[in-house]
Every structure is written in C-alpha cells, then in structure tokens.
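Just one chain follows, in the form predicted alone, and it is written as structure tokens.
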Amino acid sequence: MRKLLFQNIRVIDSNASSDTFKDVLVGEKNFVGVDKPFSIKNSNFQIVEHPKNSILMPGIVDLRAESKDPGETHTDNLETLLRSAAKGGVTSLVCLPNTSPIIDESSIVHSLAKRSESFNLSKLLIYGAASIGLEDEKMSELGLLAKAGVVGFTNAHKPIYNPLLMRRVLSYSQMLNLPVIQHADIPELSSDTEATESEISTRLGLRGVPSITEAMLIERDLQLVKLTGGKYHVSHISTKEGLSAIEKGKNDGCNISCDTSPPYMILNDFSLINYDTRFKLSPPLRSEEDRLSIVEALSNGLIDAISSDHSPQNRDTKLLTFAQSKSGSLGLETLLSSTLSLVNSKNISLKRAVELLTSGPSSILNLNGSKISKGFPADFIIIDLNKSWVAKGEEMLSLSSNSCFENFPMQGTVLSCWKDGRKIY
C-alpha cells in the first residue's frame, strides 16, 4: 500500500499538547511519520488534498452507544450504527450490553465483535453485563467476558443497585483491570417518572424524580470503591449534586471517573414545555443550574469525557404520549458539533474539547490510541470548524430519527474519518 501524506495540515492532539501545522504520513495501519511542514520527502507517498482551514485530530472514542442489533434491527442495525459513528468522526465506540440476547456470555461478545469487523467501519468495543440478564441479582462470568474482549461491565440503562453485587463486581473487575460503568439512579424514586422534579415538571403535570438520586447512588458506591479498590466510572452525569459526589471521591483518592453527554451541557428541562418526546431522556433533562454546573465541570477537568449516549428509538415509540414514550436520543452524528458549541461559546478551549472526546475516554478504557504520533494507530478525522449545518434526524444514517437536537443549527463538521489508515467516511 502506498503511504498517504497530509502535508502542512493543522494538527490538534491533546495527548501531545500540540496545536500546530505538520506533515502527517499514514502507513498501512499506523502513523509512520509526523514532522514539521514540508519536511517529509523521499518516500513512496501520495499527497492527500485537504481544505486549507481543515484540522487533523485523533478519532473520537465514544464511551456509550446503544446497539439495537441483535434484537431490534427494525430500529437500527449494526451497519447503520457503525456508519453513523464514522460519519460523526467516531473511530471507536462501546456498545451497551442491553441487546437481545443480553451480552452476559462470551459467545455473544465473539459473535457481535466478528460481525462488526466484517463491515470494515468504526471499531465496535463491547461492555459485558455486570449481572446475568441485567437483573441485578447474580454476577455474570466477568472473567470469561474479559477473556472474550469486553472493555468494562455495566447494567446499561439500569443501575448496579444491589450492594452485594456491586461489591463483588468492583472486586472482580479490579483484578481484571477493567472499569465498572454505573448509571447512577435510585429505582424506587425514579420509576414511573418523566422529568426532573422541579417547578417546570409541576406546571407541566409530569411526574418528577428528585435530582439527588444521582448523588445518592454515587455516594454509596464510593464507599464500596474504597473497600475494593475497583475502577469506577459514572456515565452521563447530569446534576450538581452528582458532580459534588464525584469531586469528593476524587479528592479522597478513589479510582473514579465520569462522563457527561451533550444534552446535559446544552439543554435544560425548559425544553419539555411543549411535551416533545424527543427531549425525553434518561437521565431526564435537568435544571439550568445543573446545566451550568456541568459546563463548569467540563472546563475545570472534573468531568473526564463526553459520550454520545446514542440511543435509537423506533419512531412509533416516540409518537406516543410523553408518559408512554421511550427515553433516548440519537447522538453519534451530533457529538462533535455539540461539543464544539462549548468552544464557540468560549466555555472550553478547542484542545480541551479534543481531550474530552479522544484521550479522556481512551484513558478510562486503557486504550492505546488517540495520539497523532509515529507508531500509533492511524485513527483520525479531518474536520472543518466553520462549516455549519442543521441537525435533522431524518437525514442521519440511523434507521431511527429521534434527535433531541432536531433543527438545531450546528457549526463544525467531519470532512473525513480514517480507521487504521483507511478512509471509512
């Protein structure tokens, strides 16, 4: 294969703390040269044309995406999931274990991984179910799942709520050097609710869940993390109380991390005013005070990553009443642009945005990547910060169209996406 040269292109790499113009030489799977502009010569390469104002950055690593395949392929399938990822600049994504069958056995991991590789698109990583059947009773065979290649353990959209189970999962995962991924919630307080408990939910007649439920479970879990030494990660954190609990755990020296998702840094519960089911999410949209706390935590480093929380839903389930409709939004194709909105509003730097989407999630999963450097996997994207577009669910590559950013103006887009030195979008 002839080498590809991106000549004199702006490179942003949070791992190397660089934002400068470089020559980037791409080999069969890895970067084979990264040097000053116009310095790479005497090599069998083909120069790749790129727009003058484009940027080369590591491929996005997404910590949380829902696969409807196997089980609900009418809602989305593996190919459309991976094509959506590539279009969104996501070169590696982790799918939740709430497929059908549930990913609680190694054979399911092998099958899903093999099928995903056949498409030659973004890399699908897989979480194993923390409990058999996601029923929060008996622990899955974590060792066998780890041997099959899972990158962590979770109960998906349910919390690991049973304290004895959580203790065991943290202990075993610590020996396997894999993280435990928690959806922080108190089922007794959140079941049959539709929104965050607030003046707005009361006015709208929606059943509310108190925002403290997130912190309540995190605070319990931190005691078990101290007891076991396990690696603990909180997904889609959304409240100021939850952030306070995370901060306390980090200050106490616990091995913990967290991510948030674009809805919680851009939207608030006022979006529910028209009962639009596209805004029905899990966790629910929070108050403006919570949103501002999330933005501050992204800026000061308390939050370690941004995930898409991609959750395709069948159109029919979003056409029901607000109470009956399912929670979830597409997120892969809007992940980059929604994160860049914080850069455009000067809440975070561009380098910090790249870190939150690349080296941050890579570090949580112990992945060897997210670096534009010789010898590293050539997983990267070319982006245009200034190109604007309008988010429309029907135009996304998923078989579903439930985007909470429907008709939102977006700025910044992916021009091309490369995995292992191969163009996949």
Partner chain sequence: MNGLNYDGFDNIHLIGIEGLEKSLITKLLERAAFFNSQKRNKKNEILKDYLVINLFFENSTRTKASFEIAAKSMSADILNIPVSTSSIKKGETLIDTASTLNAMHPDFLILRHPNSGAAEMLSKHVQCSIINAGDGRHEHPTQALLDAAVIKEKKGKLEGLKIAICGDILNSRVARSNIHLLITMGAIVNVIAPPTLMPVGIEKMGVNVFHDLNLGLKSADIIMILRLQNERMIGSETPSKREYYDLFGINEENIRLANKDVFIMHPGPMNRGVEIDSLLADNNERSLISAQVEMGVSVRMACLEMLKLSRDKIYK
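Numbering follows the first chain given and starts at 1. Remember, it's a predicted structure, so these values are computed and weren't measured experimentally.
Separately, the form predicted together with its partner chain exists; it is not shown, and the next lines address it.
Comment: 322-330 is the region of 83-91, 322-330, 214-222, 279-287 lying near its partner chain in the predicted complex, near meaning a non-hydrogen atom within 4.5 Å. Interface residue remark: E197 is counted as part of the site for its partner chain in the predicted complex, having a heavy atom within 4.5 Å. Using a 4.5 angstroms limit between non-hydrogen atoms, I186 is distant from its partner chain in the predicted complex. Its partner chain in the predicted complex is approached by G205, whose closest heavy atom lies within 4.5 angstroms of it. Taking the partner from elsewhere, Y275 is found to have a heavy atom lying within 4.5 Å of its partner chain in the predicted complex.
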